[in-house]
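In structure tokens, one chain follows: the form predicted alone.
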Amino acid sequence: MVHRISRRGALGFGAAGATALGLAACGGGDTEVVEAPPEESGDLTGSVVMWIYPLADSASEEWYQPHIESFNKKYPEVEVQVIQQGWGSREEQLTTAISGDNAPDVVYFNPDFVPRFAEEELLVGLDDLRDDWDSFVPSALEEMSYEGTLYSAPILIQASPTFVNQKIMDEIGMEGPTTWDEMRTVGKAAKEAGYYLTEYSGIATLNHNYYMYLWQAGGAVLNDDASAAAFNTPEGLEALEFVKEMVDNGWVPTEPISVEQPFEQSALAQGKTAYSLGTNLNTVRDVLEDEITVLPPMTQEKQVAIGSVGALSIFNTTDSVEAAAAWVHHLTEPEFVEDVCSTYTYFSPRTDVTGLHEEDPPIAEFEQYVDVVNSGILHPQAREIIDTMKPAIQEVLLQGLDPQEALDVMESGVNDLLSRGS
């Protein structure tokens, strides 16, 4: 049994915290720590609404119906409704739903959502939901925890494989890169042959571009207690200068730095890019006819892969906390984890559910790297920090701003943001 950690008061988040999410402060009493449900019960009642998001282009609400039916065999008096929402404006949708007293009972979260909603005391602690948390990948549990409490139960791990376009690599007569120096060598050869080394999307989250290079250099976004910026360091400068080097040498296309492109229009999809730091292979294979070769994640000082964790949280605004806990418990059982991860090409967060992609060798090969996935920083202001840093990075890449000057500007802006609090 995982050590029990008492929950903070449910529904009683303060006015200051409510303001941060644009919510009106609510009143309410404490709620029990959520416990593991009985294996089956005809006495457990309630209605559970779960908001999920498209886990693939083919994902639908109907896909969950067999799992609702298997759940109802154990808990026949609990009604479950799965509602698939769009990815766009997720946070705004949730904020509106909570403030309008219409929040879902269960919601699909990625790691950067947990600190914000946990800080507002809107989530139920899940430490005691299962007695086999030691059968889950430790990093997946860590990503979904905040200040020592597990707030979201992992159901999948997304690890975006690193790969090369083998046609390009054969043409330039080189192996795929696994270090920054090897990237430089491939970059020069690829450019001479009329290709790009890789891409840098300045519109995307920093979790998938600058942060990756920062972490690979051995740097960090925030200090150990998350009270101040930690990227204005030799490691942070090395990372930013490396990205600038790629741009200045023409090893990456410039348009994606400032313009969001449909994937089909990207240089990668058009077979013009030699290397990807991490991309969904199914998306690539649906468009690109060239052979791809999966590589180990990039290493400088550290080896880091792009990815994330998908998990389920329970809002403490629910009227059916025991029923919601039973539903989340059901969806973290091996049967559901195996189904969702094999159907939508994710990796399992459970150490007792492995080898799901043996018939797809490129995917299967990358499973060994799930423990080096870094999905971002666990902080209530993670998204605001990214928004604060992005403009200066784009100035470096497109307008010639000195990298050290940019780091100074970003450090000041992030520290000011942190000092104001969430």
Partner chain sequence: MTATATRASPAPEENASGPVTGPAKNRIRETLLSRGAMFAYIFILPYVVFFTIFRIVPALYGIVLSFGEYSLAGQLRLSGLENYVRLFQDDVFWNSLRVTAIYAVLAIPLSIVVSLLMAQLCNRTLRGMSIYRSLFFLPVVTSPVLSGIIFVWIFSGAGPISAGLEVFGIELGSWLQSRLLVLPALALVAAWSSFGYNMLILLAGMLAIPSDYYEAAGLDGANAWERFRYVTLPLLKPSLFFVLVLETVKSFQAFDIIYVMTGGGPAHDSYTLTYMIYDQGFGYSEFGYASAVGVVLLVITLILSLIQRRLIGGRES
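Only a predicted model underlies this, so the values are computations on that prediction, with no experimental measurement involved. For clarity, a rigid core is taken as the largest C-alpha set superposing within 1.5 Å between two forms. Numbering follows the first chain given and starts at 1.
Heads up, the form predicted in complex with the partner chain isn't pictured, but that's what we're talking about next.
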query	finding
Proximity to the partner chain in the predicted bound form, single hit among 303, 96, 178, 205 (heavy atom within 4.5 Å)	96
Sole residue of 245, 333, 171, 91 within 4.5 Å of the partner chain in the predicted bound form, by heavy atom	91
Heavy atom contact within 4.5 Å of the partner chain in the predicted bound form, the stretch among 352 to 360, 377 to 385, 62 to 70, 33 to 41	377 to 385
Contact test in the predicted bound form: residue 259 vs the partner chain, heavy atoms, 4.5 Å	yes
Partner contact for residue 254 in the predicted bound form: the partner chain, 4.5 angstroms, heavy atom	yes
Residue 120 within 4.5 Å of the partner chain in the predicted bound form, heavy atoms	yes
Partner proximity in the predicted bound form: residue 116 to the partner chain, non-hydrogen atom cutoff 4.5 Å	yes
Any residue of 216 to 231 that, in the predicted bound form, places a heavy atom within 4.5 Å of the partner chain	none
Core-aligned C-alpha movement of residue 315 between this form and the one not shown reaching 2 Å	yes
Residue 199 C-alpha moves between this form and the one not shown by 2 Å or more, core aligned	no
C-alpha of residue 173 moved at least 2 Å between this form and the one not shown on rigid core	no
